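The structure tokens that follow cover one protein chain in two forms, given apart as structure 1 and structure 2.
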Structure 1
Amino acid sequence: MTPSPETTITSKNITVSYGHITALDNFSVNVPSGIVGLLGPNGAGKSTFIKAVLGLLVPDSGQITIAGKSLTTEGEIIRDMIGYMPEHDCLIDTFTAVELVSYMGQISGMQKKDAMPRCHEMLDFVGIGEERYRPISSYSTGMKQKVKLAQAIVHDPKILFLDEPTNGMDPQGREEMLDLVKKIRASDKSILVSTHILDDLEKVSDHAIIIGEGRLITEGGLEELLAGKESLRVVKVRGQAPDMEKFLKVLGDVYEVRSITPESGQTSIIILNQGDGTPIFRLSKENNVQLRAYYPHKASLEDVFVGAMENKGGDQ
């Protein structure tokens, strides 16, 4: 699933502000095809970027090109080949899922005779059963998310924008949603997924664009972004206070300690360890503390984010 080098979206110096808030600040990026993650904390400007690319808001300055076409001059042609799953509620909830999805198919340019079977196919695909004949107002959040996805893909767009597709879903629902995204990708689509959950992104994509406070922090393969984070290990130990103190001291002499967090009855330590774990076992035994757990540390968005910021600082 390596993204091909071919570019789907190019944004050059995009600035978008809401009153005195600058949501995107001179934002330039080339989005490759494949599934690309748009990663950033709340308020970073992810949704704003997607809306600008869709032409739903007009940037104060800058240019956007999609599939080689200019958004300003060929907007209508572009819109016929994209699908958009918005972040917030947007469904006409007095309609049933069948009515809504087929309606959306038709206003995307499908004939009714095509839109109807296609609508049922897409509702089957996202996993909406007999409920499809009930008004959407009676749906759960997870079901609404699925209908939002169905309406975005009903006309089989080449390029898909998914703004926080797993929003409000439970772990199983999230898993299902991400599975759907992977299946759509299999039919040669470009998909831009915005999220603040790194876990979600790792499951579907390996290219990420990291955005913070309206600026591009970094972009590239997820593996590279996570590199360095790979050798972080979590050590959980339990013991008497004096023993613990000694242990922490010798541990600090040998390894780079990133954090020490007291937890109920034990201490959780994150260290950098490129080698194996044998010395840790020895040290704990020698210092009379009980080693409860030792495992690779899972990087969070925050880690990647902080890491990227540090690297960026180093580059300049």
Structure 2
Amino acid sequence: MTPSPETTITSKNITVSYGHITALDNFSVNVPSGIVGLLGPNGAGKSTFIKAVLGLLVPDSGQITIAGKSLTTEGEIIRDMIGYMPEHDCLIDTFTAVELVSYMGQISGMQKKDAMPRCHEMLDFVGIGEERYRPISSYSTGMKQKVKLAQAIVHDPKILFLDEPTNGMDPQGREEMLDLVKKIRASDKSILVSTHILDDLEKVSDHAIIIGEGRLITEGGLEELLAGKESLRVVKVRGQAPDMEKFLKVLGDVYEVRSITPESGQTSIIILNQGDGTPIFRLSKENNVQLRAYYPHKASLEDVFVGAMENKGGDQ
């Protein structure tokens, strides 16, 4: 597995065990730049991978490099390059947002005189106003998530780890958080996002990595993954009931039909077709139905995830 020039993190044959439980099993992956979604069911090894990359645990075997630097020998340099937004509620309730974010900036190596103005800049960025002077214990879940993001970026890291960034947020708060993630991406940072909300990842990610039972199941660019490996096509037709019934029977004789969905005034059909669409146009004309649309089927990230987990036994 050779990393590309844009690879930010390389994990090579990483194994991590907790007693008799193997959390990561000879795990190898290249994490590219951009926004990368890290997916997997509970217990898949996502959190263990993040902890290993952060240096919070030492793998039993294998090697991790970040931006070409070895985590084993250049850990201090790497820590300055990384920002981390944890999933759990780890904020100090008696602190104000100003106190906490500026303090985290100083822990990351900033001088106090530099940490304070940078703290205010980041709180402005995430949308924390005058409430920044109130104790964090008085904050809503959404405000706490924003403070966690602010402390992760206060020292201007090149690589960000966001663990369940929209956790506990209402729909509006989720959209605001996703907008912030996209804005951070525009500042030339690489972002690894671990979340169980696949719809969120589909909105922001450039790439996805799916883990199962401590092993890599599949990974790739989001556009490539959503396009799928099968030649699925969507056929939308309209016609009278007898004609539609005849058309669907003939279509099923020629193609593998994956689904038939009645819609308002028409029917949507997903078929497997590795050739061109000419026969579809001919069949619709011969059976007196109107072909309204014919185009490649695009899966959702949930479809990709479920399919990957169902097929993992045969891939390993």
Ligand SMILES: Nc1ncnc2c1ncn2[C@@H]1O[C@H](COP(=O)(O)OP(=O)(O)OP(=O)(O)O)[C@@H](O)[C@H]1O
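Whichever C-alpha set is largest while still superposing within 1.5 Å between the two forms counts as the rigid core. Counting starts at 1 and follows the sequence of structure 1. Not measured: the values here are computed from a predicted model.
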Two copies of the same chain, shown separately. Which of them is the form predicted alone? 2
So with the core overlaid, does the Cα of residue 56 end up 2 Å or more away between the two structures? no
On a core-based superposition, does residue 290 travel 2 Å or more at its Cα between the two structures? yes
Establish whether a shift of 2 Å or more occurs at the C-alpha of residue 33 between the two structures, with the two forms superposed on the rigid core. no
Give the C-alpha shift of residue 268 between the two structures, in Å, after superposing the two forms on their rigid core. 12.7
